[in-house]
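Only one chain comes next, encoded as structure tokens, the form predicted alone.
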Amino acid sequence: MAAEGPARLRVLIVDTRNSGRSAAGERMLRRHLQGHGVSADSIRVTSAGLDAVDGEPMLEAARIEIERHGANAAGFRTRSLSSAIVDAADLIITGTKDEWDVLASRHPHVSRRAFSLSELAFLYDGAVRAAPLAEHAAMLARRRDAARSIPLDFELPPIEHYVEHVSQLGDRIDQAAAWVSSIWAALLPAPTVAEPSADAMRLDAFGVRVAVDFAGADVAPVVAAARRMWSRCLVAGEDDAPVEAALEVTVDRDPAVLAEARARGGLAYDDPSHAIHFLTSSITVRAIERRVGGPVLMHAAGIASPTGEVVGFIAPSGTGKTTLARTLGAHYGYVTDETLAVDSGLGVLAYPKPLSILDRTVGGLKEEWGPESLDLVPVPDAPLRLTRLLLIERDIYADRPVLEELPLLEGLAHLSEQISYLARLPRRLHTLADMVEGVGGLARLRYREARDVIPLMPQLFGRAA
């Protein structure tokens, strides 16, 4: 998956001496990315040490662990951390929380894009949101703000049991590297639009034609599940619209088949569950990339009235949008649970994608369910128009839903964090301000349970209860 131009994501791994954890993390992460067909031109991984001496070799224990996990330890030399190295990174990973503290004290401006490795793996669990890679650091920082408890360091045997300590640390680094590399690989846009086959699954993703081809000896369950889950986005019959984004999904237990598929820039997995899990985000990211600078693309759920009025519910990943969409969508039209596309005239482009509804453990997966399987109400056969925008916030102490109108500037500050490619929008904040003013302003909705919002919907649609 080669990228056009500069790397899509520049990752820096930091520890104290750059001879242990960071060296192992760099080489293991590179190995897993290469295994997904991701080149250094797409995602660049480097490492450095807070107090490193330039040019030293890595620790022998680190070399052993790197090679035990199938990565290449050759040619490594330590590198001291400088401001230039820090500033060049999009995402910074520290070996431990103590090292994060030192990094943040020396370079305070990077605290929102720096995470300990344990913290990063936790924050990514269940948060594979369809956002371009450049937005991931901000996305993870917001999720960190909202989290109640995060494992900031790996639980390991005491250092007195050195061999066991190092072995388990190597395993944890490799597991985290495998998990995040699978996420990043799935969310890289394809460099070109491949010519889809005649029987490719064709979808409409907020006006973008996306074609999905399937391959591999074990792909049949994925094909059946994908067509079921994406039934409301499927383009039926003859379709003359040009395909703007295409991807190939291969499921096969043969490593050679997977390697060949990844070399072509496709998604390739040895089991159907991972293919199903990453397919939704991959489709969404490819569609987003094709609409950069066009409609406003918000990380928001959308629910429509029978006559086409749409309420957008905005929130960071993992804070309730999908639950709200599933609950309200059982009563009103399900527009989307994640990416709400709004054009300059406040028209809404429906995207009734599958919903991810079940958390697993770190490194685990969410279950994907199509709106038909959840019996969600289809969008009305009428033009969709945005009429209300709400920032949502769960509040366990709220006896009833509470609406709070926000000043324009405060609202824009919150809204701008949930826009894909904000910098590429024409007139940037002016475009957002026009949209907010066009729907009568931005409000915050506090509620305890999603079902508590159901009686409020007629009011939100601007109609009598």
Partner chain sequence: MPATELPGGARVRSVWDDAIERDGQMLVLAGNEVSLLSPVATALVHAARDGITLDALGARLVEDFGAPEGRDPGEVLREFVTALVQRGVIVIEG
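Remember, it's a predicted structure, so these values are computed and weren't measured experimentally. Positions refer to the first chain, counted from 1.
This protein has a second form, the form predicted together with the partner chain, left out of what is shown; the following refers to that one.
Student: Which is the contacting stretch out of 25-33, 64-72, 51-59, 433-441, given heavy atoms within 4.5 Å of the partner chain in the predicted bound form?
Tutor: So the stretch in question is 433-441.
Student: Is the gap between Glu405 and the partner chain in the predicted bound form 4.5 Å or less for some heavy atom pair?
Tutor: No.
Student: Can you check whether Ala398 is within 4.5 Å of the partner chain in the predicted bound form, heavy atom basis?
Tutor: Answer no; every heavy atom of Ala398 is more than 4.5 Å from the partner chain in the predicted bound form.
Student: Answer yes if any heavy atom of Ala134 is within 4.5 Å of a heavy atom of the partner chain in the predicted bound form; otherwise answer no.
Tutor: Looking in the predicted bound form, residue contacts with the partner chain include Ala134, since a heavy atom lies within 4.5 Å.
Student: With a 4.5 Å heavy atom cut-off, would you call Pro108 a contact of the partner chain in the predicted bound form?
Tutor: Result yes; Pro108 sits at the interface with the partner chain in the predicted bound form.
Student: Tell me, out of Arg112, Arg290, Arg202, Arg385, which residue has a non-hydrogen atom within 4.5 angstroms of the partner chain in the predicted bound form.
Tutor: So the residue touching the partner chain in the predicted bound form, by this definition, is Arg112.
Student: Which residues in 401-433 have a heavy atom within 4.5 Å of the partner chain in the predicted bound form?
Tutor: Counting only heavy atoms within 4.5 Å of the partner chain in the predicted bound form, the contacting residues of 401-433 are Leu408, Leu409, Glu410, Leu412, Ala413, Ser416, Leu422, Ala423, Arg427, Arg428, Leu429, His430, Ala433.
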